[in-house]
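Before any questions on how it binds or moves, here is one chain, the form predicted on its own, in structure tokens.
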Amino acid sequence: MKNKKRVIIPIGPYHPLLEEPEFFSLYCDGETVVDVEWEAGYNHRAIEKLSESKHWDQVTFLVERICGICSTSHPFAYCNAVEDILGITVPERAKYIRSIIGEMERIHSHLLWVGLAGHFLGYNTVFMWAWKYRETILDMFEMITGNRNHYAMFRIGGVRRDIEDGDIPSLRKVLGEMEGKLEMLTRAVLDDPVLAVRLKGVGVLTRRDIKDFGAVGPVARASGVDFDVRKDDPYAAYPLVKWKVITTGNGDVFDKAVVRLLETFESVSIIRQCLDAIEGKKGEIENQVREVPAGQGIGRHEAPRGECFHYVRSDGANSPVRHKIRAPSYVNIPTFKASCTGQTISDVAIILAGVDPCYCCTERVAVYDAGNKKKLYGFPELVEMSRKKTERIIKGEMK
């Protein structure tokens, strides 16, 4: 075995496993994966740069399109960041509505993942069940916001639409039906001996791995790391309702499925409590914001995949002067280095899927001279340029 030449197996940029273009190189010794390399940047759309040319309110719609699955996560974090600059809190009713939208998105995102995981394993019954039940959540979104995706609910200072009392009984009914379906789906997945054999002990990440890579969300909580922005840095209505952080200790793909499935029940509970808090009551749904003063702010949100982080800097004009975005997938995807090494090639697909990667959230870019076909700036150079520009902005050298 030692004398055999290592084989490189490419996955991507276009591959049946990948919903979006991305590139992985598997270095294999026989059937065993000995190393993994990942190349980001196949989905560059210049979101951060475009933000600098948009009005503060327009940016909420721009960042909503970073990801189609967790499309409210980025507006949530962005609004938190700008409100940090403003030094304001949103009205209590808006806090509850924001949390309702955030938790509905968590349910639909986790169900989407469960379905895709079943599909990658050839368990298409789970795939069809999970996606069928997810449709109910999308119908709820349509009832509240008018949209099944890109809900356009968030604005700096609050939310754009209220939830009417007349819709709340229907929402409660849907939640009750959804809870029964979630219980059935969860039992079907967790009690299946074939899935247990297929997923337990596969793609293990230790607590040390989580800390070394800075992984977040269900990926971290499946390895026993009790970190959740909703608890550790409370915002919106999360400190106003009762719920618990779901953690397990094995760190394998099976535990990642357990965490996501059990989190959907916590989300149903949070939504119910938020509906109880706003039903039959009146209240403002936004603080009117006319101008954003000079300053800098950070916004965090526990997206379905983990912590979504936005840094925003203002010079007092009508647009951000700097907007930095870090989605959870950008720190979760590199864990493949640990979880895939030592595994067989046949397990790589489900291990890659186990972190629920969103590749369009990880856009990065290298700058080339097309005429000379020469790379001008790579990732290290762009990072250094970004740091120097940020320093100049802070010193007031750039207007």
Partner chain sequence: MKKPKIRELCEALRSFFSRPFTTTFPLTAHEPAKKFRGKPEYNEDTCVGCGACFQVCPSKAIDMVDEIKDGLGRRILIHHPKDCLFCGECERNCITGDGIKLSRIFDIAYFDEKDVQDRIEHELLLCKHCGQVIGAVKHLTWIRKKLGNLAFSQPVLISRFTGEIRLATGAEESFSGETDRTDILKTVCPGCRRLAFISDEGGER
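Computed from a prediction, not measured in an experiment: that's the story for all the values here. Residue numbers count along the first chain shown, from 1.
The form predicted in complex with its partner chain exists for this protein as well; it is not shown, and the discussion that follows is about that form.
- Listed residues 152, 245, 88, 289 were compared with its partner chain in the predicted complex; 152 is the one with a heavy atom within 4.5 Å.
- For the residues 133, 127, 113, 235, the 4.5 Å heavy atom test against its partner chain in the predicted complex is passed only by 133.
- Note on the interface: of 72-80, 272-280, 188-196, 237-245, the segment with non-hydrogen atoms within 4.5 angstroms of its partner chain in the predicted complex is 188-196.
- With respect to its partner chain in the predicted complex, the three residues 24, 35 and 119 uniformly fall beyond 4.5 angstroms at the level of their nearest heavy atom.
- Although the partner is absent here, residue 293 is not a contact residue: none of its heavy atoms lies within 4.5 angstroms of its partner chain in the predicted complex.
- Heavy atoms of residue 204 never reach within 4.5 Å of its partner chain in the predicted complex, leaving it off the interface.
- With a 4.5 Å cutoff on heavy atoms, residue 54 counts as touching its partner chain in the predicted complex.
- In the predicted complex, at least one heavy atom of residue 161 sits within 4.5 Å of a heavy atom of its partner chain.
- For the stretch 56-76, the set of residues having any non-hydrogen atom within 4.5 angstroms of its partner chain in the predicted complex comprises 57, 58, 61, 65, in sequence order.
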